[in-house]
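In structure tokens, one chain follows: the form predicted alone.
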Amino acid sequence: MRKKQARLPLYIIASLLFGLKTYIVYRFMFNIELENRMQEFILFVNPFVSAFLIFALSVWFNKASRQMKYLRYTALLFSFVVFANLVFYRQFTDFITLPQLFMGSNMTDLGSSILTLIKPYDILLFADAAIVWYLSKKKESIVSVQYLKRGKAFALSMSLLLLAGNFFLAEMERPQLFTRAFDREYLVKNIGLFNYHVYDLVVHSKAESQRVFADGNEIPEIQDYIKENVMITEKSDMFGVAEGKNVIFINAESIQGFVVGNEVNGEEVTPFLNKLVEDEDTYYFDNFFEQTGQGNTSDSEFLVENSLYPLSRGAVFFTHGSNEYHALPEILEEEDYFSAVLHANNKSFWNRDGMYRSLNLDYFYSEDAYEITDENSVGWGLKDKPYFEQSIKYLQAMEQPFYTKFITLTNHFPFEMDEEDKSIEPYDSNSNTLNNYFPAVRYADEAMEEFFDHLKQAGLYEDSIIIIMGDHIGISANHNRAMSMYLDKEEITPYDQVQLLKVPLFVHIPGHGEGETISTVSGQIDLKPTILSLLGIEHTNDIYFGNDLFAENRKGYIALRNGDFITDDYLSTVGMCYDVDTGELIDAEEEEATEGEPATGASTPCDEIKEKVELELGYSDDIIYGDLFRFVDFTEEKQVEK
């Protein structure tokens, strides 16, 4: 007797449950901006399209037991993918990329950070997988299907048709979505989380092949672009003011610009940094942006050392740590500088030990160089105060002049602090992360003040310039409700979100006496040419995308890794153009046709800069993916193949 067809096959049940669950996560757990009803519709449709494509493949298994097994494990696997992205998103407001899956060795160092991101109700993300598991085990006879070949072909055709329809709507809503995909949120919003991961795999494979096929012929075009659009030939008035001095660079973990000059519970958050702003030997840049991608602190290091952009996917330190670079340590070595990084953490974390060799760094003082105990450590490791105190002996032993970088740890998510280290009370909001951030920042501020005292006592202060830079944001967009409360705003808009990417930058030159606050738009990519200029080192034969912070005729914009940008007049984010001073949205205006020329369509003042930003990000990616510096001899005016 022929078996009856199921009224509702399990693959359809699984598709409906999984699609509904994924939409709920999209809508209420990811902070995805929706600008119109079409975007809302696409966001609703794409998880069901992806789910149907995934689960409908089960009909190609002739045996019911294999069909059920495929559905069980697929539901479980893809539920875990949603869960993993959600946990990642809670910290970084971003989606996992394939290169990050290869950085799993870092997870052993994350410890409690991950645990704080997992919520008890996350177990509900696996409810649909549990239902599918139960039905496949207990109701196999009524939920399995046995299609003829044409039935199987119909299921596959329907899946592909729905997918094509999804892509068509996405392309209508976001033209050139796949060719200009710097922003992962746009991809997830328009094609869904799972199609995004497939796309990411394709992009990763393409990127990995770039090095194989690169031959150095790409270099002249990049050099021409830099000479025409980036390079400043005139020296700034600050050129050589710190010639021969030591450089002490502090990568201040997770310190954002909004804390400088602000209070919490009536107490200054950063009293030392506030005094430094007013110090006559300090230049303070209050319109300075972090430009990191998924590599966080390691990306900030990459930006400073190379004046190249980090990658949009993964961390350069991890994915391309063996490339050839023309970094600050290599250039300074030619001027007889000794270079070192002092960071009381595992030397292999973010592949630092490997990347530092590629940057020609002379020495890396990792956790092995420090005395770390349960009493002097918290969260990610050695507390900042003992870290700076223990580091002084290494500075005193170094041959001068030296270029040293300090990477702090205490002010790191989840901002754990021992009670005895808290000088101010936490904030009071619905976000423990934001609440605990302020005491952690205050501790870091106190640690840096003590470090200045240590330098003076060691006789190193007068012969050094000290640069303090926030490496990346500490408070992600997932805490916007609490952040709006602290900043006394009704809500955090996309414009506000970009403004919160400001991090403090201090350039302190003892004895200089001409310091001031500078509000020119600037970013981390500008540090390499700035440091070289301050030390009086010319670098005309170089490839970089930043400008000397003190120079005239700067290029006038700062590009973020996702393709957003800020200029002296405008701010562009999520496809919208804002007045940078007022935050007012600038509507696109229709261009009028002129004699002999047709109208070019609606545009905003941001469009022209956007083309440069995308070109610049693309050139930087080409350099990294193709390992193009292996074809360049920076000691010659012309490139030579090695």
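All residue numbers are counted from 1 along the displayed sequence. Given the structure is predicted, the values throughout are model-derived calculations rather than measurements.
One more form of this protein should be noted, the form predicted in complex with a small molecule, which is absent from this view; the next part is about it.
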4.5 Å heavy atom contact, Pro504 and the small molecule in the predicted complex: no
Contact test in the predicted complex: Asn345 vs the small molecule, heavy atoms, 4.5 Å: yes
Distance check, Gly295 to the small molecule in the predicted complex, heavy atom within 4.5 Å: yes
Proximity of Tyr325 to the small molecule in the predicted complex, heavy atoms at 4.5 Å: no
The small molecule in the predicted complex: contacting segment from 467-475, 566-574, 231-239, 198-206, heavy atom within 4.5 Å: 467-475
Heavy atom within 4.5 Å of the small molecule in the predicted complex - residue from His479, Lys528, Lys405, Arg352: Arg352
Of Leu409, Leu332, Leu395, Leu135, the one that lies within 4.5 Å of the small molecule in the predicted complex (heavy atoms): Leu409
